[in-house]
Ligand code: HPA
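So this first bit is one chain, no partners, the form predicted on its own, shown in structure tokens.
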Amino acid sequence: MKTFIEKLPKAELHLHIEGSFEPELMFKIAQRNKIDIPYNSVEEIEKAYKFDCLQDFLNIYYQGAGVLVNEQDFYDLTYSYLQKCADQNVRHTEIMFDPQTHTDRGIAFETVINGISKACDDAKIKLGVSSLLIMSYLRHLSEEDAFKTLNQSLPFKDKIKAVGLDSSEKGNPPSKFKNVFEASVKEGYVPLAHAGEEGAAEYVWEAIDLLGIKRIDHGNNSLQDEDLVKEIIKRDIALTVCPLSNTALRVVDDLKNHPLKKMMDLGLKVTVNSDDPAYFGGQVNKNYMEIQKALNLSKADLYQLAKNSFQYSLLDENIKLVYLNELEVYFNNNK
């Protein structure tokens, strides 16, 4: 199974680039930029990467992001992640980035987007990994703030495929961002959002009805509402599930109790992703391996998860077919 997963062609659809920040790279960039961080070694940073809830995680996450200052920093962060994609047979990835985390610190939007997108361009040529960018709005900030970010993004529309919604979910329902999502769609961005991770099923309803999202990030709590499950299936909306993230943040107490297989059995289109791999104990292949062991998933299940990852990506249909054909050949040769 380990070898099957390692060589399985797949896409990753739920990845925060700031959450891929490995301790070694954080330490290196902090020293390069002469930024004081409250850790004297890589080991101390690794110890800090252990937490009990979403808010504890977000505190260290934003602290880490604070060392990113120059275009080269964003390039290095992104290219490091894309190299890991190449090593894991991740053929395509859809990368979320949080402009507000950086622009609120006085970093120009242009610095962020150029560093990330140049790394993506280079990885396509040098590593054979394709990628698209998702600009996420921070839900703990105001809709007015999100509008500022939307306006800052407009000169760089050719580099951004979609908008997302992340950060602290509780108390920040999707309805808070209805207007900025409408405006984003008018500008040509595909709407996506985190919903149903910590928030109730009602948040998922809002995300699909008010924001018109094309994919649900997480979506675990959709299972609280049978009608919602039916509606998600009817609308053919996929869920980007993140197993190791769910246990790290206590959304699920044990992987053996993870709802992923139940979701699949109900007919939901599920994908496996790493979310914030540096913080949550593993890249996408480790997520596949751990959930496979915990739920005793078959090769056919894993094939379906990988198939969903390409099928529900934001790629053009012709490119999807190329990846899906590659996956099918692999599966038929390794059943």
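Note that residue numbering begins at 1 and tracks the sequence as displayed. All values derive from a computational prediction rather than experimental measurement.
Although not depicted, the form predicted together with the ligand is the subject of the following passage.
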| property | result |
| --- | --- |
| Non-hydrogen atom within 4.5 angstroms of the ligand in the predicted bound form for each of His16, Leu54 and Leu58 | yes |
| Region of this chain that lies against the ligand in the predicted bound form, out of 224-232, 77-85, 143-151, 164-172 [heavy atom, 4.5 Å] | 164-172 |
| Listed residue (His218, His102, His258, Arg91) with a non-hydrogen atom within 4.5 angstroms of the ligand in the predicted bound form | His218 |
| Asp73: touches the ligand in the predicted bound form, heavy atom cutoff 4.5 angstroms | no |
| Residues within 4.5 Å of the ligand in the predicted bound form, restricted to 189-216 and counted by heavy atom | His194, Glu197 |
